[in-house]
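Just one chain is shown here, as structure tokens, and it is the form predicted on its own.
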């Protein structure tokens, strides 16, 4: 069901709800369609995964991405960050880093979370099929995100490179097994077996790849004034693995920028152009 529709830079920004069989609840997503998107001309898609406490609306309202996406002809799909609604479990202590708004883009295996918190499968399989059945989007996708969403983009892109053309992230949580946010989420959602945690940890996923394995083109922006950089994001932990694999990756440290949407808005055009190079390339990646 379309909740709202707004014209933006000649395109359409929609908020849409649907019943999710993967998450066992009603979900809402945001979709920007560029002006020329049609059944005869389906648009390639940039998947955007947001961070802790966000909904489907934060990126669409704050990042300023519609103008260039309309110009480039890219659709943007922004899901919510967790299941929602009556009966969906939340952190009993009311903290922001577990439960509602904090799905961590994984498939929970530990009760009570396992009944709803299957964001990995939702993002990978169910939501793309739901959106494509109703709107003019193509099978050509890239993926991006911020913070917890940057973690999600990295993990999905590393585990399923055939589904995407490229990956980018703003201030991603790259080694969640080793930081307080990730440790809390993984222990609650997945239990104490840390081997399961590594399936959702970019540093551990990269450590098991060989030079001949495919790693998608990657762009990461990180502000050096980010209050979460040293304790939660752990970006330097990614460097040895990227150096070892010699993959097409660029990590940019941006002086003076913090963790906010001002940071994202300042560099989102770079990320859109980065993805456009791969989304519109012929015979490259996903089919």
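Note that the structure is predicted; figures quoted are calculated from it, not measured. Positions refer to the first chain, counted from 1.
The same protein also exists as the form predicted together with a further copy of the same chain; that form is not shown, yet it is the one meant from here on.
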Checklist entry - Going by heavy atoms within 4.5 Å, which of 243 to 251, 36 to 44, 53 to 61, 226 to 234 lines up against a further copy of the same chain in the predicted bound form? => result 53 to 61
Checklist entry - Within a 4.5 Å heavy atom cut-off, is residue 29 in contact with a further copy of the same chain in the predicted bound form? => result no
Checklist entry - With the cut-off set at 4.5 Å between non-hydrogen atoms, does residue 9 touch a further copy of the same chain in the predicted bound form? => result yes
Checklist entry - Would residue 266 count as a contact of a further copy of the same chain in the predicted bound form, using a 4.5 angstroms cut-off between non-hydrogen atoms? => result yes
Checklist entry - Wondering, does residue 278 line up within 4.5 Å of a further copy of the same chain in the predicted bound form on heavy atoms? => result no
